[in-house]
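Only one chain is included here, represented as C-alpha cells and corresponding to the form predicted alone.
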Amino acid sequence: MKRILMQQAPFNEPVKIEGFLEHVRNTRYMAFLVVRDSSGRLQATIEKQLHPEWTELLESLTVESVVSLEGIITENPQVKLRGRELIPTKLEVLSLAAPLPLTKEANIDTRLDYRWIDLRGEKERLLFQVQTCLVAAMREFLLQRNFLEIHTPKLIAAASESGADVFEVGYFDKKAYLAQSPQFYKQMAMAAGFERIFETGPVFRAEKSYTNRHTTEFTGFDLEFSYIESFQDVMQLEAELLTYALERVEEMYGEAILRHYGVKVVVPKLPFPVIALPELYRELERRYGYHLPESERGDTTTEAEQLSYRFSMEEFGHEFLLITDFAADKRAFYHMCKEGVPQGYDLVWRGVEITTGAQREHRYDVLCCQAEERGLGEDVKFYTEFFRYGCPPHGGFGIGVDRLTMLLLGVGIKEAMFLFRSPNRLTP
C-alpha cells in the first residue's frame, strides 16, 4: 500500500501513514500513539487484546521513533486531534529512536548541536514554509516582469567589494575567494544584454561578528536591471517586490504566524518613505537626543537604525524606511556618484538594515578611476573589462533571505536559518 499524508487520508478507507512518534500512552488495555508527518498529526488507537502480537513492540516504543501504520480512519468526537483516529491493522517500527538529548528548555546553542531534532516541531517547520513562500513570491514577481534567473560562481578570483571580509581558499596553485555577493557577475549580465536578472544563492562574509543578525554564510536574493533613469527606479522596484511578497505570506500564513510566533504580518503600503541620511540624523537628535560627531555621520550605526524605526512609525506610520545620501567613502567603489553623492540607498525594516541598493557606475573610464582611488585597480581589472565594450545604465540590490525571515517572525538569526554558521560554529 502506498503511503498517504495524514491530512489527506480519507475516512473509512484502508490507508498507510508513516511518521515520527510524538507521544505514546501505553495502558493495560489500550495504547494511544500520536504520529506526526509534514502535514500534521494523527492519533492511532490500539485495543491491545485484538493485537497481542504487538505487546513487546508497544513496550519498546520511544518518542520520535519512525513508525508505519496501516488501518482505517474513523470519526471520534472525543479525540482532540480533529475528531478522528486511526484504528491500525498493521504496525511497524521503521527506526527506533534513542533517548532524546534535547529538552524544550535547552538553550539555542545546545539546540543547534542537534538541529535535526530541533527542527521537527510544527513551529519550526512553519518558519521554512514562510521562507519558501517569501522567496517563491519574490521569484514570481520578477518572472512576471521578464527577469531571468541566473546562477553565478561562488569561487572567484578577486574580492567582490573592498578586499576585506572574504574567505580565502586554495585553488590548485592559486588563491581564490568565496564570493561576498554575486555583484560582479550580476553586472556582467547587464553588459551581456540580459537586461533583467536575479539570483538566489549562498553568500559568504568573513566577519568576526557575534550579533543576533550576523552570520558567515547566508542565502542572498539579488537582482539587477538595465536602462534605469536613476536609483529611484531601484528603490521603487524593491518596495513593490517586498509588498507583493509580504502580501502573499500574510494570505497564506498570517494566522499561523500570529498563533505560533505572536507576530502580525504587516503588508506595507506604497510608496515607502524616503529620507536623506543628514536629515535623518537631525531628526534623531531633535526627537530622541541621539547625537553623533559630524565625522561619523556618513553612515548609519546600529543604534541609528533602531531609532529610525521609531521615527518612521511616528512620522510615516510605516515599518520600512529608505535612507539615501550616504558618504562616498562608505559605499562600494562601483556605486555611481553625482556631485560626490553615491546614487544609492539602504532599506531599514523594523530597525534593521536589510538592503543596500544603488545605481551602478557603467562608464568604463569613471569606474576604473573609482577603483584606482580605492587601491583596487589591478585586483578588479577582470571586472572593469565588462564595461569596456559598452554597458547600459543599470542598478540593483541584494536582500538576505535569512535576515528577512528573522525580522518577519521576530526570532534571532540562529533560528531563522536551516543551519547557522559563525566564526565558532561550523557543525553540524
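Since the model is a prediction, treat every value here as computed from it, not as a measurement. All residue numbers are counted from 1 along the displayed sequence.
In what follows, reference is made to the form predicted together with ligand ATP, a form of this protein that is not presented.
- Shown without its partner, this chain lists 413, 419, 24, 9 as candidates; in the model of the complex, only 413 has a non-hydrogen atom within 4.5 angstroms of ligand ATP.
- Residue in contact with ligand ATP in the model of the complex (any heavy atom within 4.5 Å), chosen from 355, 324, 312, 187: 355.
- In the model of the complex, ligand ATP sits within 4.5 Å of a heavy atom of residue 207.
- When contacts are judged by a 4.5 Å heavy atom cut-off, residue 214 counts as touching ligand ATP in the model of the complex.
- Among heavy atoms of residue 218, some come within 4.5 Å of ligand ATP in the model of the complex.
- Not displayed here, ligand ATP is approached by residue 399 to within 4.5 Å at the level of heavy atoms in the model of the complex.
- The chain is drawn here without ligand ATP; in the model of the complex, the stretch among 363-371, 377-385, 399-407, 65-73 whose residues come within 4.5 Å of it by any heavy atom is 399-407.
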